[in-house]
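One chain is shown next in C-alpha cells, namely the form predicted alone.
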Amino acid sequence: MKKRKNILPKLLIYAFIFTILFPLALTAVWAFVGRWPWPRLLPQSFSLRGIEEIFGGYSGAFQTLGSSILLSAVVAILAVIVGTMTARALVLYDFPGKSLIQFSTILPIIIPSTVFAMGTHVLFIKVGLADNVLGVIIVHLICSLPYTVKIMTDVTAAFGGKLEEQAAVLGADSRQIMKEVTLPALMPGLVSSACMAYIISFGQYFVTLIIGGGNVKTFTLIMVPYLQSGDRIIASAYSIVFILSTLLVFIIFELAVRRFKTDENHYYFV
C-alpha cells in the first residue's frame, strides 16, 4: 500500500514532465522539417529553411532578437526596482490611500489588453510617447508591475523588518543594512520577479504593436504572423529561438545573482 502511494506522485511528476517536454521536442523537430505529410509518423525530409529565415540576414529577425532582449531586460530591471519599493511601502508602512494603491497594482490585469492599449495609445500620442521605444518600455513596465509587486509583496511580508531593525540597533548604517541584510533576504523574490517581468515584456504582441506603431520592432512582432499563417516550419523555428533566448537570459540572471554573493552565510536563489 505504501509503495502505491509513493508511485502515484512520481507518475504525476513524470506525466507533467512529459506534457512539457514532448511539445518542445516536437516543435524542435518541426523547425528542421522539409516535408512531413499526414499520416507519416516520421518526417519525410529535413531542411534548414526555418533556421535560414531567422539567421539568413534578409528577415532581420536575428538583429531584432538582440534589441528585444535588451528592451525586455531594461523593463525587468525597472519592474524589479518599482515593484520592490511598492511592496516595501505596502507591507512595512501605513499611509492614507494604501488600499487604493494596493488595488491599483492589479488594474493592468483586470482591464482587457485591447482597452488598455487603445486608451494608453491616445494618451501617449498627446504626450509624445507613441511610436517610440520609451513608450513601449513604459507600457511593458505597466503590464509587468502587477506580477513583480505581488511577488515582492509576499517575499517582503515573509521577511518583515525585524532583521533590519536589529542590524540598525547593532550600529549598521543604511548602506550596510541594504547590502548585508535586505538584498540577500529578498534575492529569491528579486530574481523571480525579474524573470517574470522579462518574459511578460518579451512576449508582448498587441500592446507593442499599438504603442510602437510599427516603428518599434520586437521579436514577437515578427514571430506571431508566422504562427498565424500556418507555416509550421518557420513558426517552430521562431518558437525554438524564442524559448532558447529566454532560457539564456534566465541563466544570465542566475549567474549575476551568484556574483552578487559576498558571504557564504547569506541565503541566495541558486
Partner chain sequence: MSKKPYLLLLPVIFLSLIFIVGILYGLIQSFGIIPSLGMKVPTLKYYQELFTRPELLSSIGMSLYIAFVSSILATILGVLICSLLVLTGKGKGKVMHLVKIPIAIPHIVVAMFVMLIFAQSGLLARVLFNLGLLESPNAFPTLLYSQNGIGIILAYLWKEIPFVIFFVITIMANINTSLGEAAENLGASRWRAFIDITLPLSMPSIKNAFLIIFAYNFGAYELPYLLGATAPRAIPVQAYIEYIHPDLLHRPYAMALNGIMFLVSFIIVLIYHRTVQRNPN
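Residue numbers count along the first chain shown, from 1. What you see is a predicted model; the values in this text were computed from it and never measured.
Unshown form predicted in complex with its partner chain; subsequent notes refer to it.
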> Would V136 show up as a contact with its partner chain in the predicted bound form if we use heavy atoms at 4.5 Å?
Replying inline: no
>> Since only the chain is shown here, I'm wondering whether M223 would be in contact with its partner chain in the predicted bound form (any heavy atom pair within 4.5 Å).
In response: yes
>> Can you work out whether F55 and its partner chain are in contact in the predicted bound form, taking contact to mean some heavy atom pair no more than 4.5 Å apart?
In response: no
>> So in the predicted bound form, is its partner chain close enough to I20 to count as touching (4.5 Å, heavy atoms)?
In response: yes
> Can you name the residues of 234-252 that have a non-hydrogen atom within 4.5 angstroms of its partner chain in the predicted bound form?
Replying inline: A235, S236, S239, F242, I243, T246, L247, F250
